[in-house]
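Just the one chain here, laid out as structure tokens, in the form predicted on its own.
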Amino acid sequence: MKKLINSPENVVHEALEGMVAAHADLIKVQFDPTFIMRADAPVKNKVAIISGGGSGHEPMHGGFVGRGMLDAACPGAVFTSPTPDQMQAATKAVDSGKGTLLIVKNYTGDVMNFELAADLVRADGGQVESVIIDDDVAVKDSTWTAGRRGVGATILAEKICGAAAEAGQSLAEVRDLCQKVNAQGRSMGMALTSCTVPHVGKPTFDLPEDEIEFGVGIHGEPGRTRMKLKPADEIVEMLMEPIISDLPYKSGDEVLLFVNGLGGTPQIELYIIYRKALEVAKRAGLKVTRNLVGSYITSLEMAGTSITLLKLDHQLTPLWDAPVLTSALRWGL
């Protein structure tokens, strides 16, 4: 194992120390229990939005804490769900009295711990709603989930709901919006390589040099199939077909096309993926009016990509365009 770390036990703590040192104008970090919060939280008269999950997927979720997106994020150990006391403490720190929305990726540990946290917050008299994101069309059930996994639509929901909360929408309105994003988003990914969790010290799975894992999860969970390496255009065709066919898109629909790198994929390759994905979308009669290309949901150093399509409309597009200021996303300011 070759990694730029000091010890596996201190990876998350030291990374958070570096993150807050680099972005002290945007965030604060609390330890024991650990969470990242907006530097100006709690923000008056605004629904608070919290997400979280295992570390190793950076910049998700901590990189999306800031104006127009998340109020707080709870990082667990690498590929390990955060604990209920982290979410409870984060909620208490950022709730301004208008309630809190929890955006939860559909992984068994995340769902269970966020539900426990919501119960604790309600027991203290707080208002809290949660929405589970399950946009991955690759498999119905996987190693870590009952039902579909939550992947690319998570970030799109955090951005769109963050803008709605910043605009003063109510907890019920922001919750409904999050459910809409989840319902209108679909994703699928593939891996060229495995990754190595620091405290494990060996690759999560074995993948021969000439093979790819098609439909892989962000923790290295098995996908639909393993196959020989193909040219990028063929891989994109195979990723786009189940995405488009799963959601009843129709010709003329406006969509956001999100091409994501899994950590070890250079930007030059992501643009090759985007080029072909755009062509496939146009061939299906879809109008790509917004896009995002980059490594935003990673799996440590895994090489690979995921593609997400979100059906847009007059409600979602302005919220996507609204200003955002986080360490990983910023525009419109």
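One rule holds for the numbers: they count along the sequence shown, beginning at 1. For clarity, every value in this text was computed on a predicted model and none was experimentally measured.
As for the form predicted together with a further copy of the same chain, it is not shown, yet the points below apply to it.
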{"item": "Partner-facing stretch of 64 to 72, 45 to 53, 32 to 40, 286 to 294, counted where any non-hydrogen atom is within 4.5 angstroms of a further copy of the same chain in the model of the complex", "value": "286 to 294"}
{"item": "Proximity of residue 233 to a further copy of the same chain in the model of the complex, heavy atoms at 4.5 Å", "value": "yes"}
{"item": "Contact test in the model of the complex: residue 15 vs a further copy of the same chain, heavy atoms, 4.5 Å", "value": "yes"}
{"item": "Distance check, residue 278 to a further copy of the same chain in the model of the complex, heavy atom within 4.5 Å", "value": "yes"}
{"item": "Contact label in the model of the complex: residue 319 to a further copy of the same chain, heavy atom within 4.5 Å", "value": "no"}
{"item": "Residue (of 248, 252, 208, 125) lying close to a further copy of the same chain in the model of the complex, criterion heavy atoms within 4.5 Å", "value": "208"}
{"item": "Residues from 91 to 129 in contact with a further copy of the same chain (non-hydrogen atom within 4.5 Å) in the model of the complex", "value": "none"}
